[in-house]
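Consider the single chain below, provided in structure tokens and representing the form predicted on its own.
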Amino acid sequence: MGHKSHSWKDKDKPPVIRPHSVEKHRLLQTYLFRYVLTLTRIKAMERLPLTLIDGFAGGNVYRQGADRKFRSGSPSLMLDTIRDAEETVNAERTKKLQIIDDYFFIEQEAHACDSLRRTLADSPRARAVRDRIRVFQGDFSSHAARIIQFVKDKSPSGRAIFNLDQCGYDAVPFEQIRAIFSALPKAEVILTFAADFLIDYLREGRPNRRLKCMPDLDVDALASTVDRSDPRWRRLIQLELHQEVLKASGATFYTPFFIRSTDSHRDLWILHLSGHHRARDVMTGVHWERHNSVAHYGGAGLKMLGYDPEQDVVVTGQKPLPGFFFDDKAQAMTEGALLDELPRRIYEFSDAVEFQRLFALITNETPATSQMLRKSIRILAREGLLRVRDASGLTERRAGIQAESDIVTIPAQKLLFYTI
């Protein structure tokens, strides 16, 4: 992403990267690596067609730290991560996997686009797949349709990851995100969304306001859902805005993640949008893996995730402030909430539900991974509060969930308790 204060005009002095951008890059790399490992668990797989799109690519090089060493931008990091993942997968295989990876890098600013092309030309890994790299100068919106068509023509699976690291909140029309999911059900979108700037806009009293990114959203009606005099107004309006963003995107599953910008002291949302609960599970696992001051602003069963570099021990050298930071304490809170809430929720599903469906139905509500859910069900089953059987209903799973098709039920003697 090219911030308005960033300039790649002087190739010897690229812009200094900010801590929240470093964390965004780490998040992207970790997710891409786990994405490949998740999709290639079947040893017989020989090919993985995949297209990666960086819609706001920037100049692909920054300076970092006191010594101002050069650091790669997101295009090179995406290329390197896919190759690293391919090598990791093949290290344990006799039948080698080939990732058929195509790339679209889009940047509007001329100097940044020149830097992007130059740095890719200097990269051995980029040169190795140069026929599969396309660099466009312009805005993402003007190229989205042709990229969607390319992905559709490339492979029936239509696997693609769109990294849309915009400045602000209005550069990516949600109509295009809906078009992505409509045409490419297996696509995923990682969207940067400057929530605090939009919330400031919502707080203004001017009537008849409209957003370019969501023209159908009634801004005045949304702003009026929370009393402006309430000291919790900002947090409460965020929760309302979350639902509007998810609805406007056309995605079924999402993972909201906060990053606090140290220079503007503003919250940025990193929204992972997808059409499948497994993709959401992988991204949630990344948050637990990163656990750098990651927090959300509710209980262990609610929806908000976050990162603040001012509370990150890697940046500050200090211990994080108390809160939900995807650490051991947060895991205990999450598992405790599941133990308390799961039986009643399962009763709401007529007291029986397939594990895969259960996870798909609750995953947008909780920071828990599917493994945490499995662990909680195993404990509840051992205590006699739940029962687990195979899909036929004939075999009891004494060790808990063993297949996604397993059925979780409320024991008959417990039904009365959950109706009270």
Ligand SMILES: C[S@@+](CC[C@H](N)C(=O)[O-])C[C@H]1O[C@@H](n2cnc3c(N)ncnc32)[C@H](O)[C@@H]1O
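Residues carry their position along the shown sequence, with the first being 1. What you see is a predicted model; the values in this text were computed from it and never measured.
Form predicted together with the ligand: not shown, discussed below.
Residue contact check for Pro185: none of its heavy atoms lie within 4.5 Å of the ligand in the model of the complex.
For the chain shown alone, Ala57 is a contact residue for the ligand in the model of the complex, at least one non-hydrogen atom being within 4.5 angstroms. The closest non-hydrogen atom of Cys167 lies within 4.5 Å of the ligand in the model of the complex. Among heavy atoms of Gln108, some come within 4.5 Å of the ligand in the model of the complex.
Stretch 47-55 is the contacting one of 386-394, 47-55, 365-373, 34-42, since its residues have non-hydrogen atoms within 4.5 Å of the ligand in the model of the complex. A heavy atom within 4.5 Å of the ligand in the model of the complex is found for one listed residue only; from Thr334, Ser74, Thr255, Thr119, this is Ser74. Site annotation in the model of the complex: the residue of Glu175, Glu244, Glu341, Asp139 reaching within 4.5 Å of the ligand with a heavy atom is Asp139. The partner is not shown here, but in the model of the complex the stretch 22-46 reaches within 4.5 angstroms of the ligand through a heavy atom at His25 alone.
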